[in-house]
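Quick heads-up: it's one chain on its own, the form predicted alone, in structure tokens.
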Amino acid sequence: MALTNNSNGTVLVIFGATGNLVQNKLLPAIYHLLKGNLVPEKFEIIFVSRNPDVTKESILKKIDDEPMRKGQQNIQEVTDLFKNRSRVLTLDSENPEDFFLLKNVLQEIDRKNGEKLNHLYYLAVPPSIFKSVITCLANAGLNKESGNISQRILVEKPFGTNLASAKDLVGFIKKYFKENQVYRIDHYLAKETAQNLLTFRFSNPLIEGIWNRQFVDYIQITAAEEVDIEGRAVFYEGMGALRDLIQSHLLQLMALTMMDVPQPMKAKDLHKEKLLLLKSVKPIKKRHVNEIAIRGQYAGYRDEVKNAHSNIETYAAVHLTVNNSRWGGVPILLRTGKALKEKTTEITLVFKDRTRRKITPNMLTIRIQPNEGIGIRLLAKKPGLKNELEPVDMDFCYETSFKDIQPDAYERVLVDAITGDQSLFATSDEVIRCWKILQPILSAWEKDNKHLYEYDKGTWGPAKATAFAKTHGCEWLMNTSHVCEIHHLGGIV
């Protein structure tokens, strides 16, 4: 069935049609939404490119060349439908006059369908031209809503590069689009396991009852990548690990993990609780930055970016605390890095040893990617005549527990934007608050050329990171956490 909670059809306008994001993420997502009939009955796509040589055939070549995802064969009917509902518009994203051409095309689509359709503008373009596209849309009147017809924009991160630029961007967008029209994408929040985090917490009294400082010793959230910067020297030299993942994805995952129960479970209330949690993070003082944050750079990075004095971190770890009644005093470790030993994103809660016997702690891990699932580490008696304890892992894995193919994060992003559900998107207040939390670290690191520790590729980061965790009463758990690693699609190996 087509979407029933969206009475109007939708035109999806994609700026930056020839970029990697469109080819690798959006084309597969749209294909599978069409295949599952998960778009409005009246649904069309406009690919915007400034290159007059770009054609619909060149953009959609990918769906002919290879199956869209997970080894599935393309269905010709879906491929034809995709092509029939798509068109290419040559347009200079920085030329206001060209946007009246877009307006004319949108009006033509409305006439063809016999009604006005919603418009969804996806800015798959560099942040440097966000303002230009937004200004031009507004100049052509493509930001104005009437009746139940919506004009929405989808914006990819980064949302600024520091607190000042984030405030500037938020303020600029507000001049032309209201908050309920803006969808700031954090695709980590759209991943199935991240969504299940709320259900797992709030729908299981056994879990929610121990989800607090009485029982939790510390929390660790990691986003580790095996790949290096993959030749993106210009991008990464202006970004760094703290900005790239901790400021956005990891702080958002932390907020989902630690916020109180929204009442009711609506987008507005969910964002209210997330913001309250973020506002309760203890402020970082500049003079204490080296105590609560550590950074590293993998060996060979400076040669790769051709900058012998580069001060950009490819590894960052931060210790935070939250001042509220649920979590006061519980250490929170956030960590990310390039060229590390494994690719994984996961949230781990380590529980206190209330037996006072100094035994191996219980742990609960939510694996966002890969091997998506939730695992619990418990203690059991080891077989034999002696009363010896041994840690055992109990987990449920999406791959074996759910036979249906999981929707890709970008499928969820598009469906929610089409239907107007902002639950999994970052609000302007959340964006600014996240920058405010980390700005003291950014400011200190910009002026500090000493505390940047080198590490070898294929390791877990700088050696000093181990001592850093222990200083805060924690230890990195990546070498002991193995959620769903013994499973494959056909069962247990």
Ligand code: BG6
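Because the structure is predicted, anything quoted here is derived from the model rather than measured. Numbering starts at 1 and follows the sequence shown.
Unshown form predicted in complex with 6-O-phosphono-beta-D-glucopyranose; subsequent notes refer to it.
- 6-O-phosphono-beta-D-glucopyranose is not drawn, but in the model of the complex it has a heavy atom within 4.5 Å of Gln369.
- Of the heavy atoms in Asp244, some are within 4.5 Å of 6-O-phosphono-beta-D-glucopyranose in the model of the complex.
- Heavy atoms of Lys274 never reach within 4.5 Å of 6-O-phosphono-beta-D-glucopyranose in the model of the complex, leaving it off the interface.
- Under a 4.5 angstroms non-hydrogen atom cutoff, 6-O-phosphono-beta-D-glucopyranose in the model of the complex lacks Tyr183 among its neighbouring residues.
- Per the 4.5 Å heavy atom criterion, 6-O-phosphono-beta-D-glucopyranose in the model of the complex is contacted by stretch 231-239, the sole one of 231-239, 358-366, 85-93, 210-218.
- Contact annotation: of the candidates His319, Arg377, Arg152, His249, the single residue with a non-hydrogen atom within 4.5 angstroms of 6-O-phosphono-beta-D-glucopyranose in the model of the complex is His249.
- When 6-O-phosphono-beta-D-glucopyranose is considered in the model of the complex, only one residue from Lys343, Lys116, Lys131, Lys268 comes within 4.5 Å through any heavy atom, namely Lys343.
- Taking a 4.5 Å heavy atom cutoff to 6-O-phosphono-beta-D-glucopyranose in the model of the complex, the contacting residues in 180-198 are His187, Tyr188, Lys191.
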